[in-house]
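One chain is shown next in structure tokens, namely the form predicted alone.
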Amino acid sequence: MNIFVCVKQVPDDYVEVHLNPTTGTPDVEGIDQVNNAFDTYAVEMAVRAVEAHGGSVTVAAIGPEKCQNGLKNLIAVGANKAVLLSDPALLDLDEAATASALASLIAKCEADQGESFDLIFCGKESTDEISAQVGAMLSETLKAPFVSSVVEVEPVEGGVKAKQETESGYAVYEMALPAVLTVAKPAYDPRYPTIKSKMAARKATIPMLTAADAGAVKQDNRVTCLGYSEPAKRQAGVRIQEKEAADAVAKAVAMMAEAKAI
């Protein structure tokens, strides 16, 4: 089973991000770029599938040269190959343009290795934009079956079976290959690299392709971000200090009535 995993590097979500007062855009200068959390779940799921059933895992990203470090981190936790699509022409793509570029990169990798990918994984969403659209648009571009928010996957005769997490429980689908899946949080966490695997990954050579190399023609963005706004700051609460419970309740009810909350 050959699996292609699309990954994205995002600002570390443990760091609180504010808007730059001059540009009005998120100020991410000085914040470390890390592999998107849901993408790391996708890589772990892919590696487990290959360990159980054989095959290979290729991870790929679109971004600047420094993204190579993040890809090497994924090699250290089990990915077999990595490729980076890096070209100034492919900066600031919307979801549809990103899906188009990824489809071209997938075709290029398949041509280079002489075989097709059985599965294409994406994280269900990125922690910066949180649009959850690239995977679905990629499946449409590739004309491949699609299931979102997958937490389990296993091969079956003629295809794969995927377990999808829903708001009310789970749904299970079977589909032919190749297929595109977006991965939610499974029942396990991504593994940690060993010292040995980290040292080996540092020596890995990651091909860095231009748009021309991959045959990726930049699509015009269909969506434009008009601006950002920070969430309103929480107002200070009111402390009720009556000593008797009945008095405290009466005051709370009166305050809510005055605010027309009840």
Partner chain sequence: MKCLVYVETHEGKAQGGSLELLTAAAGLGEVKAVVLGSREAAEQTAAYGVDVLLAGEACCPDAATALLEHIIGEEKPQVVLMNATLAAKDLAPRLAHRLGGGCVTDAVAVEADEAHGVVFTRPAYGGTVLERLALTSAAPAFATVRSGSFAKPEQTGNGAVTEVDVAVAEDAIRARLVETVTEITEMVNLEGADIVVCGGRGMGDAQGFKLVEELADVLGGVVGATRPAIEEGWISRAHQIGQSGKMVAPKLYIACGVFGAMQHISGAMASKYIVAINKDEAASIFDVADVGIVGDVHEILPLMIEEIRKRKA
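Worth saying up front: this structure is predicted, and the values here are computed from it rather than measured. In this text, the rigid core denotes the largest set of C-alpha atoms whose superposition between the two forms falls within 1.5 Å. Numbering follows the first chain given and starts at 1.
Only in words, not in the display: the form predicted together with its partner chain, which the text now covers.
Colleague: Exactly one residue in L90, A107, A76, A144 has a non-hydrogen atom within 4.5 Å of its partner chain in the model of the complex; which is it?
Modeller: The residue from L90, A107, A76, A144 that makes the contact is A144.
Colleague: Given that its partner chain is left out here, which of V217, C225, A52, A204 has a heavy atom within 4.5 Å of it in the model of the complex?
Modeller: Contact check passes for C225.
Colleague: Could you tell me which stretch in 110 to 118, 82 to 90, 68 to 76, 136 to 144 has residues with non-hydrogen atoms within 4.5 Å of its partner chain in the model of the complex?
Modeller: Looking at the other structure, the answer is 136 to 144.
Colleague: So, in the model of the complex, is E174 in contact with its partner chain at a 4.5 angstroms heavy atom limit?
Modeller: Yes, E174 is a contact residue.
Colleague: When the contact criterion is heavy atoms within 4.5 Å, does V28 count as touching its partner chain in the model of the complex?
Modeller: Within the cut-off, so yes.
Colleague: Given that the partner is absent here, does E152 sit within 4.5 Å of its partner chain in the model of the complex, heavy atoms only?
Modeller: So E152 does not count as contacting its partner chain.
Colleague: Is T210 a contact residue for its partner chain in the model of the complex, using a 4.5 Å heavy atom cut-off?
Modeller: Taking the distances in the model of the complex, the answer for T210 is no, it never comes within 4.5 Å of its partner chain.
Colleague: Select from 228 to 262 the residues with a non-hydrogen atom within 4.5 Å of its partner chain in the model of the complex and write them out in sequence order.
Modeller: Result: Y228, S229, E230, P231, R234, Q235, A236, G237, V238, R239, I240, Q241, A245, A246, A248, V249, A252, V253, A254, M255, M256, A257, A259, A261, I262.
Colleague: Once the core is aligned, does H18 move its Cα by at least 2 Å between the shown form and the other one?
Modeller: No, the C-alpha position differs by under 2 Å between the shown form and the other one.
Colleague: Taking the rigid core as the reference frame, is the Cα of I195 displaced by 2 Å or more between the shown form and the other one?
Modeller: No: I195 shifts by under 2 Å between the shown form and the other one.
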